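Next comes just one chain, in structure tokens: the form predicted alone.
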């Protein structure tokens, strides 16, 4: 009889199936509701079929670039598969820290035989990136704030209006997303965001706009922080991944509502660290082939409101596996939610992220 047990040590979680010749695979993700959806949709069914594999979770995806750089320099890469944003995947690929892959080699074809390369289509934005989901960064807000006198935010620029909507805000502790929203709310047209942000004057302009609310901001690094801050009433409005907000609204039934205006689309997926030994690489590819197939990506959407990256998965998405509610209205790609979106310029961020990270941290310290 197969024995499965959960081991928790710090932020790492291991799903272990007893075996005399176990294979350990360390998967890196973001924790919280997103990692839980991966656990349910990919890991549990995979381990059920492969009792010799131990999946060990590490919740360090927000630090993936820095940590992989350090591991590479030390000549000791301990991670086997890393979930990252497309911008980070591009950086890791450019630096030779992520392995280039043939998507049709590491991902299964669609059920009708369509090659994975066609099924993922335009989302294949890096030779090192295996897409999983389309998500957005957007805002949630408390819908019971007495000081708002019955008003509710309808525009992303309401985040910068502390007179009409007083209270603490939570924003990501980095330049991503914040610079785009700051420029839009300072009058820059969406189509000009990255042109303006590519100048010193544009960067200064974004920081000046952020200065207007800086003393009202609680900064977050992990996606779970904003939902908790909202639930505790420590902030009245805050940005995070739309799936995190779905969890606090639909699963926890907190007095929180979605503000979809100017949601920023992003992609998340896997990269394989460069230089893995052959035995680990073989095990990683076997897991990837399973975890990124049409059914598995559709299954993930039953647990969290992120759109699956494969075209063939979309028709298989229905109701939430536990709540019984239709998931389509909660997707960032639903037409009712996507009336005013910002498409992140991934190559631009790949080129400018390190520089703006440094400038952002210097601005924070002022």
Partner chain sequence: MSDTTETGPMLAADGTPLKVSLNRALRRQKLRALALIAPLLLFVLITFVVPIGSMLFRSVENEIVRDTLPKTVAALKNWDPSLHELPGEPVYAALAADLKVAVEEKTHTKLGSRLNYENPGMSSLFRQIGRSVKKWDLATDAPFKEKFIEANKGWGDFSTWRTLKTYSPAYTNGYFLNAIDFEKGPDGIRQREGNQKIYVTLFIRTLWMALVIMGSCLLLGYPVAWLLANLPNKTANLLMILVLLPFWTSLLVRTSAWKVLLQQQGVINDVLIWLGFISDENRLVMINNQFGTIVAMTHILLPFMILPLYSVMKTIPPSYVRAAKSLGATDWTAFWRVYFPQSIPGIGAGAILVFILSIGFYITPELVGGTQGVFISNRIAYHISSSLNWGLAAALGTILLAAVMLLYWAYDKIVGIDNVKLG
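Numbering follows the first chain given and starts at 1. Note that the structure is a prediction, hence the values are computed from the model and not measured.
Although it is not shown, the form predicted together with its partner chain is what the next lines describe.
Only one of 158-166, 111-119, 232-240, 180-188 lies within 4.5 Å of its partner chain in the predicted bound form by heavy atoms, and it is 232-240. Taking 104, 251, 286, 95 one by one, only a single residue has any non-hydrogen atom within 4.5 Å of its partner chain in the predicted bound form, and it is 95. Among 48, 325, 336, 66, the residue placing a heavy atom within 4.5 Å of its partner chain in the predicted bound form is 66. In the predicted bound form, its partner chain sits beyond 4.5 Å of every heavy atom of residue 280. Its partner chain is not shown here, and in the predicted bound form it never comes within 4.5 Å of any heavy atom of residue 76.
In the predicted bound form, its partner chain sits beyond 4.5 Å of every heavy atom of residue 24. Looking at residue 137, you'd find every heavy atom of it more than 4.5 angstroms from its partner chain in the predicted bound form. Residues from 90-127 that approach its partner chain in the predicted bound form with a non-hydrogen atom closer than or equal to 4.5 Å are 90, 91, 93, 94, 95, 100, 127, in the order they occur in the chain.
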